[in-house]
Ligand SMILES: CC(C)(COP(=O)(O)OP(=O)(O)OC[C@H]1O[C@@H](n2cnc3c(N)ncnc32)[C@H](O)[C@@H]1OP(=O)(O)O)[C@@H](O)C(=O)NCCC(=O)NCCS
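Take a look at this one chain, the form predicted alone, written out in structure tokens.
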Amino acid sequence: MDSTIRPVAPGDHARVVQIAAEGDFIECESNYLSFIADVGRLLCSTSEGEVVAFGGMIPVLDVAMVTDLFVAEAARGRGVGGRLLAELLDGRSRRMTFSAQHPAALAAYQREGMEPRGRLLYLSGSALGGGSPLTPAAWMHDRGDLVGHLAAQGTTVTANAVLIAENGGIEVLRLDAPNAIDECHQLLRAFDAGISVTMYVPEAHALAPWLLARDFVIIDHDVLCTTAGVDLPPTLAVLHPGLA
């Protein structure tokens, strides 16, 4: 398929959201796309004037983090995604992404030097109750751009955690602390016992077995793929799977 790669324009957002939905990314929306474009690269492939794929990348310090790579169903299997990915990463040798379990996606990332390093577990469990309410505070870590974007979406930000309460449950989007287990315990106690809690934890982090021992269950997972020498910070215990 002959295709042209160019930046995504605001007028493309409706089509991009449609392509994302075909790939089961139903939370994709215009504010998210604008954030990716503002802090990194948001590119699309077009064929005969129609957008057939899109991809996003944001810099995390000196690492290129691939946030999205989606190809419309009718355009799959023709190399569109691979060409788009190569353009997104051009000029950046240190790379990472959280790959879905689709074999084609994993193969594309491996061709760009990103090898599987472990799983990011989607964990679901319940709050414990009995603690003090969370106190909003200034974020104390890096990725202020990301935390600012999440705060604009209605999240609660504390010194070490970012979370959102919706649909009767709690979703923890980021937890960064050297004493992550203690921080998580306080967070679980801050909400009424039994309230559903979802968080995204690297399997290699000590928080993962701690939560699993407390009746959290794995409901899904992504695969962390990186080039050699790229590792997650040891204090980063919970992270958004798309934005890291």
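These numbers were taken from a predicted model, which means no experiment stands behind them. The first residue of the shown sequence is 1; numbering continues from there.
If you look for the form predicted in complex with this ligand, you will not find it shown, but the lines that follow are about it.
Chemist: Can any non-hydrogen atom of V80 be found within 4.5 angstroms of this ligand in the predicted bound form?
Modeler: Yes, V80 lies within 4.5 Å of this ligand in the predicted bound form.
Chemist: Can you tell me if A104 lies within 4.5 angstroms of this ligand in the predicted bound form, counting non-hydrogen atoms only?
Modeler: A104: yes, in contact with this ligand in the predicted bound form.
Chemist: Is Y200 part of the interface with this ligand in the predicted bound form - any heavy atom within 4.5 Å?
Modeler: Contact with this ligand, no.
Chemist: Can you tell me whether A180 touches this ligand? I mean in the predicted bound form, with a 4.5 angstroms heavy atom cut-off.
Modeler: Judged by the heavy-atom cut-off of 4.5 Å, A180 is well away from this ligand in the predicted bound form.
Chemist: Indicate whether the candidate residues L69, R76 and R111 are all in contact with this ligand in the predicted bound form, with contact defined as any heavy atom within 4.5 Å.
Modeler: Every listed residue reaches this ligand in the predicted bound form, so yes.
Chemist: Counting only non-hydrogen atoms, which stretch in 168-176, 154-162, 127-135, 81-89 is within 4.5 Å of this ligand in the predicted bound form?
Modeler: In short, 81-89.
Chemist: Considering non-hydrogen atoms and a 4.5 Å limit, which listed residue (L150, A100, L123, M96) is close to this ligand in the predicted bound form?
Modeler: Residue within 4.5 Å of the partner: A100.
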